[in-house]
Ligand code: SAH
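Here we start with a single chain on its own, the form predicted on its own, put down as C-alpha cells.
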Amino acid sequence: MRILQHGARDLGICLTPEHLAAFQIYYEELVIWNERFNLTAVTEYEAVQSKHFLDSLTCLLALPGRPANSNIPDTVPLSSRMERPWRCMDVGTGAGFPGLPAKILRPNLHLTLLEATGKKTVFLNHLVGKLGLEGVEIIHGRAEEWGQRRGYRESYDLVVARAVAELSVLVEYCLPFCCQGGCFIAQKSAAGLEAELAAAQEAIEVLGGCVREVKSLDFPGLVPGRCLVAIDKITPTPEKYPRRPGIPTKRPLL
C-alpha cells in the first residue's frame, strides 16, 4: 500500500504493519462485498488507497484537543493521541468513510457510524467484526431522527461527513450531534465551495455553529482540490432542528 503509506507519512502518520494489514483486509472485504451491495464506484487498488483511505485520514488533522481558536495543522500532532476517548459521529458513512480509517489509527476513538441504507450497515457490522475493532456503534437510521434522540443529540466532540449533501443541508444533519465546544468537519471539494459556504452561512449560525477554517489539502496521493471545512459548535442547536426526515433537503435553511 505505497500510496497510503507515503501519503500518511506526509500527514505526519507512520503506519505500522498492523495498520497496513487492517487496511488490506478493509480493501479486500470492500471489493468482495461491493459485488453484492454496490458500496462504492471506486474499487481499483490504488484509487481506494487515495480516494477512500488517505482522504479519510485527513480528518485526523482536526481531532479535538487543539488549543482554542487554533488552525488545523499541516500534520497530525502527537497531542491528537487522545488523553480521553473522544466521541465521534460519522454521518452518512456509506462503506465506513471517513470514520473507520480514523478508528484504525486511533483505537481510543469512540465511534458511531450512522447510515440510512440497511445493506451498508450489514457490511459495516461484518467489517468491524473482521477487523476486531471495539468501541464502534453502527446505526441504521436517518440523521434527522437520531439528531433528536437523547444520548446522541449534542453528545459528540467531533462529527464528520463527506459526499453527503450540500453544506446548507449537511449542517442541519450534523451540527445537532455536536456538543457545545465540539466541532463538525465536512470533507469537501474546493470546486464551488465558496458559493456553498455563502449559501450555508445563515444555517450555520441558526444551528449554533461558526466556521473556524477552510483547510486546503495539498498532499501527494490525495485527489487535488480536497478541503476540510471546520465548523465549531458555539451555542446549542434550537430544539426544532433537525426537522423531520426529508425537510432539510426540500427546504434548506438559507
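In case it trips you up, residue 1 is the first one in the sequence shown, and so on. Computed from a prediction, not measured in an experiment: that's the story for all the values here.
The same protein has a further form, the form predicted together with this ligand, not shown here; the description that follows concerns it.
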Just one of V122, A116, C179, V128 has a heavy atom within 4.5 Å of this ligand in the predicted complex. Which one? A116
Given the stretches 162 to 170, 100 to 108, 130 to 138, 147 to 155, which is the single one in contact with this ligand in the predicted complex, using a heavy atom cutoff of 4.5 Å? 162 to 170
How about T93: is it within 4.5 Å of this ligand in the predicted complex, going by heavy atoms? yes
Taking this ligand as it sits in the predicted complex, is A143 near enough to touch it, meaning that at least one heavy atom pair lies within 4.5 angstroms? yes
Although this ligand is absent from this view, report whether H52 comes within 4.5 Å of it in the predicted complex, heavy atoms only. yes
